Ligand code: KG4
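Next up: just one chain, as structure tokens, the form predicted alone.
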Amino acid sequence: MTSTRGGSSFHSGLLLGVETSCDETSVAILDHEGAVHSNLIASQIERHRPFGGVVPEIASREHLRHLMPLVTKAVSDAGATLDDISAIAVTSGPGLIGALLVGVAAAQALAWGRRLPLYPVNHLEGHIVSPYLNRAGAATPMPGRYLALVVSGGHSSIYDVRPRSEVPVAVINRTRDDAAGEVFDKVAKFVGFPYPGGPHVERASQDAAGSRFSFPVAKLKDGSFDFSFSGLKASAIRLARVEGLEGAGAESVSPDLAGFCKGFQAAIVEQLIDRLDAVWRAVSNESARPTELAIAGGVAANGALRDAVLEWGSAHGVVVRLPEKIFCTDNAAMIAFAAMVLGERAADPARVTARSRFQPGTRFP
């Protein structure tokens, strides 16, 4: 598997990926077929849990602590040496600027010292291609065009992806306020669940046979495909307060709390499917329409969302690609893979910079 855009090529040797955009330090080794030989992740959840969210300075210090030992172990676990590495890919944005700087500086040093090409990669484009990675064996071949729904703590967007074109990624919609994962975490915190809250909401909702709680699903009057979750967040927090559920999850999950979580989660999934359906209707009549749908990001691990997307795909005759759960959270394998299949251009290591904002589809100068 090789890229044909921008003069990049990975015909031989191994590609080392580095990811430090937020609160996971990750290093991966991939071969030219997209097979993952190692993909190590040092999670920082326990360090940030007392604060109910990610503390940027703590994240940066944890990256400094873990990154180079992970490089050594990832190469060793792949049965390789640094002499087998032919290129390096690193997340250069978007993300927490201090966290990004750690990964970029380390990748610069490795690339400069070993005279290797360095590929700056957009973190979101890593998520966009992640459903085509496999835990074992070569990557799944990608179609000429597909839609990607990326849902995480910081992002909720749908992208038009054409891997072999000059503009491989185009943004179709985005969230106008909170991201879906962010709303999961904020409402979960209010009802007493620890950080990160999304998995706790999902587990609690599984205990509910049904739900007497209903929540609004935003409809934008301007006909936009954009998401908007801030109204749902405010409504859920207000209802939890009225129902006496504030902090309730710190002790146990009552039937009322389980029902609340089930209804709240259903509202998030309903809006995601609603916008996805609208986008699909808009593009389905095009001559070279997308043939597949991929979902990605941390919230792509949510069982209710995965079930709903598979049901939607079956109803519309669309192939749905779900990422293996190890590739839902931030990881370096997806960063290395994006460099391979989206035609990233190698850059002078001395000129690669970290960027807290980095629009998908753009390329490093």
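Keep in mind that this is a model prediction, so the values were computed, not measured. In case it trips you up, residue 1 is the first one in the sequence shown, and so on.
A second form of this protein, the form predicted in complex with the ligand, is not displayed here; the remarks below concern that form.
Q: Which one, Pro290, Gly198, Pro163, Gly249, lies within 4.5 Å of the ligand in the model of the complex by heavy atoms?
A: In short, Gly198.
Q: The ligand isn't shown here, but in the model of the complex which of Val309, Cys328, Leu70, Ala59 has a heavy atom within 4.5 Å of it?
A: Exactly one residue meets the criterion: Cys328.
Q: Although the ligand is absent from this view, report whether Tyr119 comes within 4.5 Å of it in the model of the complex, heavy atoms only.
A: No.
Q: Should Ser26 be classed as touching the ligand in the model of the complex when contacts are defined as heavy atoms within 4.5 Å?
A: No - in the model of the complex, heavy atoms of Ser26 and the ligand never come within 4.5 Å of each other.
Q: Is Glu182 close enough to touch the ligand in the model of the complex, meaning at least one heavy atom pair within 4.5 Å?
A: Flag for Glu182 set to yes.
Q: Is Val299 close enough to touch the ligand in the model of the complex, meaning at least one heavy atom pair within 4.5 Å?
A: Contact with the ligand, yes.
Q: Just one of 215-223, 137-145, 291-299, 78-86 has residues with a heavy atom within 4.5 Å of the ligand in the model of the complex, so point it out.
A: Flagged stretch: 291-299.
Q: Relative to the ligand in the model of the complex, which residues of 144-163 have a heavy atom no more than 4.5 Å away?
A: The stretch 144-163, when checked against the ligand in the model of the complex, contributes Ser152, Gly153, Gly154 at the 4.5 Å heavy-atom cut-off.
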